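One chain comes next, on its own, written out as structure tokens in the form predicted alone.
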């Protein structure tokens, strides 16, 4: 049974893509950040909403320490870095260690406020880094906002792929187009191939596989996007960016 309803579009934003995972710790925010950079490199005007209110990671990944309190009109000014506009709860928290202990309905309201009351300007695409799993806040946003496509992130291990299939089924129930699966952390520790198998089971595209490299971890910890320093990632994310943009735009020229 579909759970879709009339969905709201955000003025000035041509397309919205959601990045989701069924399981925490699979590198969803890492994928979001580097995918946004790949799209910006292609010439697209890109923004990111860090919708994981309880565990915001995007400011750390981009090495942003700025605070972004609402202005006198109660609007939020995104921080722009590397050509990408970013809004995160991290910019509104007093400290990086502050615990967010709000319940589901409040979280949903906060995410909608960050989405609608931020001064995004004109964007070709906004990436939403969703909370992990099939939470109430994720369900609410996907039901109420026009999300033009969902990218699902998993690691190769079977435990993660089971959870991402649940997230994929939720996306389908909400009539959100599934753009495909990204497999992260491929290698000796987690194995490989789980992402492509999951894509087959969900009847969607396998967008690409990112290897688990010590160098990637070190770049993330330093707040330096690995995309700029590793040709391997440049190629992988460039391919994912073009595939997903082509799916949500007709005759894409960026």
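Numbering follows the first chain given and starts at 1. Computed from a predicted model, the values in this text were never measured in an experiment.
Another form exists, predicted together with a small molecule; not displayed. Remarks below refer to it.
By the criterion of a heavy atom within 4.5 Å, residue 217 is counted among the residues contacting the small molecule in the model of the complex.
In the model of the complex, the small molecule sits beyond 4.5 Å of every heavy atom of residue 12. Within this chain, residue 212 lines the site of the small molecule in the model of the complex, having a heavy atom no more than 4.5 Å away. Though the partner is left out of this view, residue 29 does reach within 4.5 Å of the small molecule in the model of the complex, counting heavy atoms only. With the partner omitted from this view, the residue of 38, 46, 185, 199 that lies near the small molecule in the model of the complex is 185 [heavy atom within 4.5 Å]. A heavy atom within 4.5 Å of the small molecule in the model of the complex is found for one listed residue only; from 112, 132, 157, 140, this is 132.
Shown alone, this chain has one stretch from 204-212, 38-46, 62-70, 191-199 that lies within 4.5 Å of the small molecule in the model of the complex by heavy atoms: 204-212.
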